[in-house]
Each structure stands twice: as structure tokens, then as C-alpha cells.
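Okay, here we've got a single chain as C-alpha cells, the form predicted on its own, with questions on binding and movement later.
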Amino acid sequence: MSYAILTLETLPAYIRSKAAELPAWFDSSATLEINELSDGNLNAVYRVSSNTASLIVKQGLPYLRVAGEAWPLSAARAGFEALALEWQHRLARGSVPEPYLFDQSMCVNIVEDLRGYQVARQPMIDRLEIAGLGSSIGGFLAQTLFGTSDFGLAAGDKKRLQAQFCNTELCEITEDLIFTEPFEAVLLDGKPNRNHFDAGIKPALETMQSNAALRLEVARLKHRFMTAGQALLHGDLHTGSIMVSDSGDLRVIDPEFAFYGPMGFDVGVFLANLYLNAIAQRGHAPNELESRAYQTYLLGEARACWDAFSSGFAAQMLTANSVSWRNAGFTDAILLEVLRDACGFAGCEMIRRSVGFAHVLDVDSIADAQTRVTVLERNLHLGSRLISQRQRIETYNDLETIIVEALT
């Protein structure tokens, strides 16, 4: 079958054509109910229901969905998502939707329907305390990052897997939108800068962009992102890529940005989104007491993430595939490197979500204009500190001190 964009009208026939490859419990011969769920930036997503069973169908489109056909993008990214999901499911079963089918020609992934789950971002804006959020994500990262690294895979296996993740287009989006455009007022060869931001923070943005030392450190972080192929990353691990059930079960979704990169990137992006929410609470909580209470919760979950990741990773290093790696001092050095990277990458994520192409609802939904500007300025200030001071970090306590100072 050649590629064609699926629609509500064509999906039933497509599903029936795949009946032999779908789970036996899904009756594709019954009347199918189709509901479109698309709400992200990249893909078309549908729920297909048959009797009491349902599946999720996710198709890569030949453009960035949020921008339309004016921003072409290869639909083949669905293949990176399929392979990443396969590995995440293998290494951290129960942490991601179960994959059922990947159709390469149609760029379609069919996966478990997380019916009864909701994306974590909005509930967290509303100050929902998700028990075990940090430890669950930290554990997921320990399993997936170790399991796809040189420490968990034989050298040849790791190199062969890494070669399958040349996710050029989506990596370029990250390189431009996180590391270049927010920090550089003028790009090369007349290339357009896609930043968009509240006019009230223009002076703070211009001051940040004039900071040569900061831009130098961001250049180092960008180079590390592009060259340090330590492990298979999710690549976009924010609170919009996490779903939570009423019972508190968590699943990580949408790994289409997956590639081999520095382990601290996934850690840093997740932490940054907790920090963004914490600062934004001054625009959401009804009073200072509730704002502080939720900030305390978020700080606890951020620490729990690092503790679960570092302890889980260290435990697995005791079983690493080479005697070279089974050294406590080496493990400590790797974890410090990851922590410092996470600190810098978190800073870049906070800044790009404040002034770049893709924002976060945590900030954009703040109703009061002046409060929103204040929050954005704090994001720029904290992000800059995280980038500039990352090499001074020795323990997670040092990172937490910077965050606490930013919240006071």
C-alpha cells in the first residue's frame, strides 16, 4: 500500500485490511467507531473502537501538523517512534503503551489505547499531586538509558542500534528551536528566527541574548547534544508526553524525537517542565499558600526523579557488560556528568518554552498579563543560571538550591 493520509472515512477499511496483524481480542469485522484525538504538534491520532475494545492509530503526516503544509516534514519519523517504543516496552514494560503494529508504508503506529488516562500537563497546572511521578519517570529513564547504552549493550549491538536512529529532521528541529533561535537574535544566511514571545519580556530577552558567556555555554550544550551518543533518548520528555490514570498509573508516550544523545537531555527536559510549572503557579494558584504547597510537591518530585534515576542506574552498572564499567568511581563520574548536563539542558528548555516557537500551557494560560510577564522573566533568569552554573554542580542539592532561590 502506498502512503495516503488517513481520514475518518478511510480508517475503517484500513483497519480491516490489517485484521490479521492486530490483537486477536480486537474484532475489526464489527462496526467501528472512529474518534479523532489529534492535539499535538506533529501527527494525526485516532481512537478506533470495536464493541468494548479500542486501539490508538497514530499516523505521521508529511508536514508539521501545528504549522500545516508550510512546514514540510517527512512522515517517516513514525519509524523512529515505532522502534523507540519497541525498545522502551522491552526495557520498561508497563511504562509505555503496548505497541501492536507498525505499517512502514503508511507511517502508522497502532498501540494500546490508554482510555481513562489523561495527559499530565493540565492536571498539574491545576495542582494535581500525582503520587510517584518523579520516581516513576526516574525509574523509566534508568532502565531505558542504561539498557540502550554501551554499559547495557554489547559494543556491536549498541552501534547497530544507534545507526538506526539517524533522526535527522527532528534532531534539527531540536537543535534550532532549543539551542539556537532563542539565544541568537540574527541567524546565518537570512534564515528566519521562529521565536515568538510576549512583548513585555523583550528587554529581558535582549539582555540574555547579549550575554556572550551564556551563549558560549549554550553552544557547548548544543554540540554535546549533537555528538554525545550515549543512549537512546525519548527526546521530548515533558509533562505533555506523560499520561496518568485515575489510579495513578503513568505511561510515557510520543517518542518520535527518539535518537542517540546525551542521557542528561531527557532528565533535564523533564525537570525543566516541573520547574516551569512551579514558577507558573503564581499565575494559577488562588493564593500564596496553595502556590507554595504545590511548589514544594514539585520540588519533591524533581528530587525523586533524580534519586530514582541515579540509584537505578548505579545498581545496573554493577552488572555492566565490561569490567571497565563496574567501578564505583566511574559510575559516580558518569552520574555527575549526567547531572551537570541535565542542569544545562533544563535551562535551555525553560528559555525556549518562554520565547521560542513552542510554548507551554503552564505559562501561556496565565490570565493576568503582568503576572505572565513576571513568570516569563523568572523563567529566563532561572534558565540562564542553570546554564551558566551547571559546571559548579556537585550534587543534586546544589541544583535544588538554585531552584529554591528562584522560587523565593
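The shown structure was predicted, so the numbers you read here are calculated from the model rather than taken from an experiment. Heads up: residue numbers just count along the shown sequence, starting at 1.
Below, we refer to the form predicted together with another copy of the chain, which is not included among the displayed structures.
Novice: Of V119, A92, A219, L73, which one comes within 4.5 Å of another copy of the chain in the predicted complex, counting heavy atoms only?
Specialist: Contact with another copy of the chain in the predicted complex is made by A219 alone.
Novice: Just to confirm, with a 4.5 Å cut-off on non-hydrogen atoms, which of L187, A131, A315, L289 contacts another copy of the chain in the predicted complex?
Specialist: None of the other options qualify; the answer is L187.
Novice: Could you confirm whether I253 comes within 4.5 Å of another copy of the chain in the predicted complex, counting heavy atoms only?
Specialist: Output for I253 is no: heavy atoms all beyond 4.5 Å of another copy of the chain.
Novice: Can you tell me whether G156 touches another copy of the chain? I mean in the predicted complex, with a 4.5 angstroms heavy atom cut-off.
Specialist: Yes, G156 is a contact residue.
Novice: Might P192 be said to contact another copy of the chain in the predicted complex, defining contact as any heavy atom within 4.5 Å?
Specialist: Taking the distances in the predicted complex, the answer for P192 is no, it never comes within 4.5 Å of another copy of the chain.
Novice: With the partner left out of view, is R160 within 4.5 angstroms of another copy of the chain in the predicted complex by any non-hydrogen atom?
Specialist: Although another copy of the chain is absent here, R160 would touch it in the predicted complex, with heavy atoms inside 4.5 Å.
Novice: With the partner left out here, if you bring back another copy of the chain in the predicted complex, are L37, D113 and V244 all within 4.5 Å of it by some heavy atom?
Specialist: No, the candidate spot makes no contact with another copy of the chain.
Novice: Just one stretch in 198-206, 132-140, 176-184, 102-110 has heavy atoms within 4.5 Å of another copy of the chain in the predicted complex, so which one is it?
Specialist: In short, 176-184.
Novice: Can you tell me which residues in 289-325 come within 4.5 angstroms of another copy of the chain in the predicted complex, by heavy atoms?
Specialist: In sequence order, N321, S322, V323, S324, W325 come within 4.5 Å of the partner.
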